[in-house]
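Listed next as structure tokens is one chain, alone, in the form predicted alone.
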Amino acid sequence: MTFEHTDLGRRFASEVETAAYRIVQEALTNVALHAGVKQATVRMWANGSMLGMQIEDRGIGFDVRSTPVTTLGLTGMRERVHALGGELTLESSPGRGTRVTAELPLTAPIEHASLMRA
């Protein structure tokens, strides 16, 4: 795994840190189970209002339009991101790998705090 980061020299709200950890964990689990490759890149960055993360592989990919959102742990990732008022983007196509990008606002109200504890 390759890890790249920018401006992460501080702590964030526990809900944001937990969500970020779980999103990266689930995305890397998907790489290990489904991508058919042993290498992935995790990028994380922060600015004054947002924590971003991107997990990318060069694996077998899949058709995003025909894959149910209830598979590949996508539901949990989406719920965590949306509970914090963030955005989740999933990009993939057969033979071209997969990229998951999540952006979590650092000041948004938390709608479902119980999701963050799991």
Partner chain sequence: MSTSILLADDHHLVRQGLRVLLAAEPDFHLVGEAADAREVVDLAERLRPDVLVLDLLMPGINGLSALRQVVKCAPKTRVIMLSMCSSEAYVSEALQEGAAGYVLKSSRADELILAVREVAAGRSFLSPPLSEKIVEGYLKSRNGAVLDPYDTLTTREREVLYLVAGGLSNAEIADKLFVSPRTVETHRANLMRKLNLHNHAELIRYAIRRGILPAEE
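Positions refer to the first chain, counted from 1. Keep in mind it's a predicted model, so treat the numbers as computed, not measured.
Quick note: we don't show the form predicted together with its partner chain, though the next part is all about it.
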item: R22 within 4.5 Å of its partner chain in the model of the complex, heavy atoms; value: no
item: Heavy atom of S66 within 4.5 Å of its partner chain in the model of the complex; value: no
item: Partner contact for E15 in the model of the complex: its partner chain, 4.5 angstroms, heavy atom; value: no
item: Non-hydrogen atom contact N30 with its partner chain in the model of the complex at 4.5 angstroms; value: no
item: Of M44, A40, A83, A35, the one that lies within 4.5 Å of its partner chain in the model of the complex (heavy atoms); value: M44
item: Members of 1 to 22 lying within 4.5 angstroms of its partner chain, judged by heavy atom, in the model of the complex; value: F3, E4, H5, T6
